[in-house]
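So this first bit is one chain, no partners, the form predicted on its own, shown in structure tokens.
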Amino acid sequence: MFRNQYDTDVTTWSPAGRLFQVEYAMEAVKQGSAAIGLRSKTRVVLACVNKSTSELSSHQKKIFKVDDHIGVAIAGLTADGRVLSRYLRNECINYSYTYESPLPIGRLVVQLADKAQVCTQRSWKRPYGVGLLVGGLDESGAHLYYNCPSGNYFEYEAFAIGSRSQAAKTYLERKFETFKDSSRDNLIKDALFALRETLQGEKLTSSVCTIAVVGVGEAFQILNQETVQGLINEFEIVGEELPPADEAAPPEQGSGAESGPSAAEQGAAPMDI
């Protein structure tokens, strides 16, 4: 995307009927680290990649608890995601205080979409540069929604957003018909396999990913690193490391190929901050 005379203001339409500032915000979501959500009849699993930008720094938090029955995973500008997750938390608290019952997922998602839409119609505001996967459980069952910076929202059986999310989507599209009746462990297993697809051959460990679960009889919780690493070992997802060892047979070209992707990755996700 290149700068042009129609992208200086979020309220300026191009002759083709486009709002470039909104499209730039959606591009920020694509540049963020990957986030994945999938659901069965009784539970939702959220997963994300949370690699740090430097060996000297900690990673940014990408999954937030909203209420005991709702959580969100984000991709894009982490600061925007943190502000929106706080807004969602306040809405849940206010609803619970007023009606003494948990806030339905669908109503919360509509309120979030309305808040995002206002930023596309005010010249003194900018769109939120973050996409949110909102997962939770209410009286009508488990739900997974994607909220877009444009103010649109969609409900999914499974979805992936962020950098290199297309590989995860391909895996989810192959397997989604089995998710409805999946057990808790199988859902987490599929989330980890989908997450591995976004890493392009890197080793998947608990230090580069976060998993959260909410379901019937289970309040929203983010699994600790030891639990996640145990699941990775149990499902033998670390088997990704074997192919590079086999490729060691060709002459010296493997080392050059390995250094390429790492350099590309450093510039691939500038919004992962």
Partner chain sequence: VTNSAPSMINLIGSESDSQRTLYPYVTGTSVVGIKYKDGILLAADMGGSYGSTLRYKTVERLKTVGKHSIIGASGEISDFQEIMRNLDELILYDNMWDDGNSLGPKEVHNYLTRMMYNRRNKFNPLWNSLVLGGVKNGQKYLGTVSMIGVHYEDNHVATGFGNHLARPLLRDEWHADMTFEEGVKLLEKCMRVLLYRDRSAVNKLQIAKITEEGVTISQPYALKTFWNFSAFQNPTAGAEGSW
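Keep in mind the model is a prediction, meaning the values are calculated, not measured. Residue numbers count along the first chain shown, from 1.
What follows is about the form predicted in complex with its partner chain, which we do not show.
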Report the stretch among 124-132, 154-162, 137-145, 77-85 that approaches its partner chain in the predicted complex to within 4.5 Å, counting heavy atoms only. 137-145
Could you spot which one of Ser183, Ser101, Gln166, Asn90 gets a heavy atom to within 4.5 Å of its partner chain in the predicted complex? Ser101
At 4.5 Å between heavy atoms, is Ala113 in contact with its partner chain in the predicted complex? no
Please run the contact check for Tyr95 against its partner chain in the predicted complex: heavy atoms, 4.5 angstroms, yes or no? yes
Contact label in the predicted complex: Arg107 to its partner chain, heavy atom within 4.5 Å: yes
